[in-house]
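The chain below stands alone and is given as structure tokens, in the form predicted on its own.
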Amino acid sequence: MLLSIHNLTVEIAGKEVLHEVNLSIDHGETHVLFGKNGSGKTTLLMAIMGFSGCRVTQGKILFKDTDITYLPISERARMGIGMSFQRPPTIRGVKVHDLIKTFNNNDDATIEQIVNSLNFTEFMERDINLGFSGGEIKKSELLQLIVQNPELILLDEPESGVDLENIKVIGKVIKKLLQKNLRRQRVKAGLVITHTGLILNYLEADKGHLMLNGMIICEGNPREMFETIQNSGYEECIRCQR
């Protein structure tokens, strides 16, 4: 497995948020994570990425058969894990173009092509996320991920705050980022948090997981799971679990 999480329990500010979470994602797979607000979904992504505020009290995280449970964010990023945030910070005084240059291994023509595909050219000389709309922030995040070129891609609500026109652009870029346009030799994997389910119209996911109260309580076909949630709400999932 590319990512294996075993009995992961995590505290934030002394409060237990994740309870013995188990999750495995293989090379080339895309998994979707559903759940109510406050159920622990974003905490799981942050724990995988290695944010210091997430204190692991039990369990372990393996990436490419290496225990990364206590590695810093920088080491995990170098190993091939990348994350797009739901609400990334504004960074004044740093231009998008300058940030991209710091970790870019592509030639200028390739970067220009990527920027054009995102309709993002006019934002390259602006401070990171300063005055950006929801869709513009998502494009900035995806641009950074494309340049980083990670093997495991963590996406926290990529459709949040994005209008219908831009969700098509973003969905197309995510599909390419996760190599869904390839029929063979797909190696990149993804874990995607979604509330609206709109991203499923542009991204074929392999497996869905439902998180409630800090625990993954079931898994299955992501489209079938989302249809149940849409029609009957999370209470139906709770009743099913009982």
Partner chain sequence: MSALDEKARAALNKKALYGPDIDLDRFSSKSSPHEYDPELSHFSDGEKKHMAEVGILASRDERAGSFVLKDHSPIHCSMGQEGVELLTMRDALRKYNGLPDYWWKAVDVDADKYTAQASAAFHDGFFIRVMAGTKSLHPVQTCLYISGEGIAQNIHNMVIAEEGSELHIITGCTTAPHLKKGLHVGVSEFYIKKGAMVTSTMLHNWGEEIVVRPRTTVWVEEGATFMSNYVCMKMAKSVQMYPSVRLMGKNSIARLNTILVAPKGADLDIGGRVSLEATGARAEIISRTITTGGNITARGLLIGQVPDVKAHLECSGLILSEEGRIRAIPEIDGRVAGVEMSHEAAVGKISQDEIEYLMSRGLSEEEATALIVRGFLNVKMEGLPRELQDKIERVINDTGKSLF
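Everything quoted here is computed from the prediction, not taken from an experiment. Numbering follows the first chain given and starts at 1.
Below: the form predicted in complex with its partner chain, not depicted.
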| query | finding |
| --- | --- |
| Stretch in contact in the predicted complex with its partner chain, which is absent here, among 24-32, 51-59, 202-210, 186-194 (heavy atoms within 4.5 Å) | 51-59 |
| Touches its partner chain in the predicted complex: Asp98 (any heavy atom, 4.5 Å) | yes |
| 4.5 Å heavy atom contact, Leu130 and its partner chain in the predicted complex | no |
| Ile111 within 4.5 Å of its partner chain in the predicted complex, heavy atoms | no |
| Glu151 within 4.5 Å of its partner chain in the predicted complex, heavy atoms | no |
| Residues Leu198, Gly214 and Gly220 all lining its partner chain in the predicted complex, heavy atom within 4.5 Å | no |
